[in-house]
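Below, in structure tokens: the form predicted on its own, a single chain.
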């Protein structure tokens, strides 16, 4: 009740923005997270999230010396998308080991970001990027979240059958005339954009957990792609909102509280499935 009372106070607009962004981001989390889990590209998503730090560091440095319009958000988008496309292209065309390329990109982009942060004068709150701070969100993030949800939801509805075929049988999809490479690279770009948005919520380090845990939990209870997306969306919203309320009530960091809750539910789901199979 105290949380609801504080939520209605005029000076607590930041709390309303945090809840709204958390609820809205569940659409992007549910859809993209399901694709990440079914395509088994969680490691690539992890590399993309850490590569965003490279773009953030470069943007802060450029913003200070010559380009005032180059915001950390712009840098994060460039860093995340470039890393995702590099890994995807090398994996498809160079036939290199995907795990090796992911580790190289992960380390290289993140190291570049740390170098730029070291060259940036003044105080830089790099821990905010690593661990997130959902309570610093503004109305701008609300609009960005709505835009991202539409950017993800519309193509998913239009090309659902092609995406479904590609998710479970790449070769069969190619034989059916599906442009699997275009869909694959589009998925990588959407994943990068979703990751950049989630950096504000839980930070670079924890973003991969929030992207995969709801979808993995949903996958334990359903085998259809559309129902997995729907359940993952619902779980994502619950994790973010309940975790935020718990962190506010007990004075905990919001990002870790959200991820701990999501992890606990995922482990409980695994335990329930194991018990059900024995019975």
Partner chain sequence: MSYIDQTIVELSHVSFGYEPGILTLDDVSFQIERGRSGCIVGPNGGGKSTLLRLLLGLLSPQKGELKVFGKNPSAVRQRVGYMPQYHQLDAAFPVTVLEVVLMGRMHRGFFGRYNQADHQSAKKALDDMGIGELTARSFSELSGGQRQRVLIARALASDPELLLLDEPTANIDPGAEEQFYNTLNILRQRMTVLTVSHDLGFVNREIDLVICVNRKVTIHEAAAFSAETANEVYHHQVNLIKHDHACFCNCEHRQVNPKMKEAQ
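Positions refer to the first chain, counted from 1. Just so it is clear, the model here is predicted, and its values are computed rather than measured.
What follows is about the form predicted in complex with its partner chain, which we do not show.
Peer 1: Using a 4.5 Å heavy atom cut-off, which of 165 to 173, 192 to 200, 141 to 149, 102 to 110 contacts its partner chain in the model of the complex?
Peer 2: Of the options given, it is 165 to 173.
Peer 1: Using a 4.5 Å heavy atom cut-off, are 127, 133 and 244 all in contact with its partner chain in the model of the complex?
Peer 2: No, the whole trio is out of contact, none within 4.5 Å by any heavy atom.
Peer 1: I'd like to check something about residue 177: if you look in the model of the complex, is any of its heavy atoms closer than or equal to 4.5 Å to a heavy atom of its partner chain?
Peer 2: Residue 177: contacts its partner chain in the model of the complex.
Peer 1: Even though its partner chain is not shown here, does residue 38 get within 4.5 Å of it in the model of the complex, heavy atoms only?
Peer 2: Output for residue 38 is yes: heavy atoms within 4.5 Å of its partner chain.
Peer 1: Are any of the heavy atoms in residue 222 no more than 4.5 Å from a heavy atom of its partner chain in the model of the complex?
Peer 2: Taking the distances in the model of the complex, the answer for residue 222 is yes, it comes within 4.5 Å of its partner chain.
Peer 1: When the contact criterion is heavy atoms within 4.5 Å, does residue 186 count as touching its partner chain in the model of the complex?
Peer 2: No.
Peer 1: Given that its partner chain is left out here, which of 27, 228, 211, 44 has a heavy atom within 4.5 Å of it in the model of the complex?
Peer 2: Selected option: 228.
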